[in-house]
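The chain below stands alone, shown as structure tokens; this is the form predicted on its own.
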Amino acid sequence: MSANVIVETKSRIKRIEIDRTDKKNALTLDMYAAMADALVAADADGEVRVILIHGKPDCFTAGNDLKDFLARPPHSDSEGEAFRFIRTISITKKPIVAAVGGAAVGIGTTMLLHCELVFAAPDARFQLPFVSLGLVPEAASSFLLPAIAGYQRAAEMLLLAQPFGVDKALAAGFVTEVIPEDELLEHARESAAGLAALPPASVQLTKRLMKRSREALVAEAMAEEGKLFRERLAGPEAKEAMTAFFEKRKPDFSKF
């Protein structure tokens, strides 16, 4: 387990807390591994009925820790803890509830497309920055976001890669409800407890039935995204974007 991921099981709820406040909850590969392991353990534990994922009230996650990610980039579908987490959350059998406050960047937004209930604070800020980093989307978001939000909304979010607020996320359909920040986590816990009190087999079967028609398409999208993501990560556009990020300057794509 990572020191920056807190995992606790209580009252039939597996709670996964992202806890790296000094780095805005940016995710390292060790953190991805800890979260993936927690999801696998939750599915295997008969006492767990619901999974709750959250960060801090003012920050869900700033996305990848780029230095850590670039130091150990994935070279295939079978490599990389980030990709393992993405695959795992997409096939987790038990319902997932998320509580989102503050920044939800990159994977902080795309993982929400695999959750059953997503509660967000009024200050939540979402961003899908992949194109601006010279990359392509991940977590099957290139398939799921148009399916959930509609093509034009998804195109705006994925192609322009700009931050957007909770009202737009709610209208797009991947946020369930907006909850005041001081009530957010407790509301998410109560909703998770409500799910945990229901017949567990019926809940899991209903989740499976809702997702079964798109299982193959999600897996196909992830495979294609992963292939292109790895290619783009080694390409000149991503190199310029990452260099500019670390040098704290605006990237120059005019030569491409």
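The first residue of the shown sequence is 1; numbering continues from there. Note that the coordinates shown come from a computational prediction; the quantities given were computed from them, not determined experimentally.
Form predicted together with a small molecule: not shown, discussed below.
Screening 80-88, 142-150, 180-188, 104-112 for residues having heavy atoms within 4.5 Å of the small molecule in the predicted bound form returns a single hit, 104-112.
A heavy atom within 4.5 Å of the small molecule in the predicted bound form is found for exactly one of Ala121, Leu133, Val175, Met157: Leu133. The contact residue chosen from Ala42, Leu29, Ala221, Ala62 relative to the small molecule in the predicted bound form is Ala62, the criterion being a non-hydrogen atom within 4.5 angstroms. For the chain shown alone, Leu66 is a contact residue for the small molecule in the predicted bound form, at least one non-hydrogen atom being within 4.5 angstroms. Shown alone here, Lys14 lies farther than 4.5 Å from the small molecule in the predicted bound form, counting heavy atoms only. Using a 4.5 angstroms limit between non-hydrogen atoms, Pro129 touches the small molecule in the predicted bound form.
Heavy atoms of Lys239 never reach within 4.5 Å of the small molecule in the predicted bound form, leaving it off the interface.
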